[in-house]
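Only one chain comes next, encoded as structure tokens, the form predicted alone.
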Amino acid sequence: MPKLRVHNLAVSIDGYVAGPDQSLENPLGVGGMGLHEWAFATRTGHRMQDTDGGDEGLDDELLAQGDVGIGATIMGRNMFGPVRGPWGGDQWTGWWGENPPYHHPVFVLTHYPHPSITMQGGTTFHFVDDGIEAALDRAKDAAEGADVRIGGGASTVQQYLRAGLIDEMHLAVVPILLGGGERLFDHLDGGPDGYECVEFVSSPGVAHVRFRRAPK
């Protein structure tokens, strides 16, 4: 049975996945880039940036694991870009340049229709304006039996948690304090329910925690 997974979602020890004051120039907010330094330092992170080198070991293995068995990704509009309201004539095609790192269909949640955007390397951004379940149905069809990943951000993960649709979550807990921004487990009536920790491992720079939906 294909799963809906959250993978390598970096979170500060005070619970934030992005810092305060997000902007076009600072998309992850003040201090937010610090959440991802562990990933950028790995061999997999270097490969995603088309550079050589990088560290091997636990962090690299788990970062790479996030791509295994994934056939489609769902993300929120805020993760796709800084544009708000009707799209108009905007030519924004994402933060990732001409060859995004997904290489499969990506479904962007939005309240406003937008034509699909085909990029290099096999990534096509599709825009879904009729809700999270419609996006999941389309992503599952596109994944052709593989799993679907939620790329972020916090609001998108929260919506799928509230709907009880996420099967697995891998959180990378980074030892920094952001003090503000987007908290992962806000707006959930006390927190996510029905999950058990199935793995807890740590490198010198980050703790990896994997949760799975508990059997009923």
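Model, not experiment: these values are computed from the prediction. Just count from 1 along the sequence shown to find any residue number.
What comes next is about the form predicted in complex with another copy of the chain, which is not displayed.
With the partner left out here, another copy of the chain still marks one of 32-40, 60-68, 148-156, 180-188 in the model of the complex; by a 4.5 Å heavy atom cut-off that stretch is 180-188. Taking the partner from elsewhere, residue 17 is found to have every heavy atom lying beyond 4.5 Å of another copy of the chain in the model of the complex. Residue contact with another copy of the chain in the model of the complex: residue 209 places a heavy atom within 4.5 Å of it. Using a 4.5 angstroms threshold between heavy atoms, residue 202 counts as touching another copy of the chain in the model of the complex. The closest heavy atom approach of residue 173 to another copy of the chain in the model of the complex falls within 4.5 Å.
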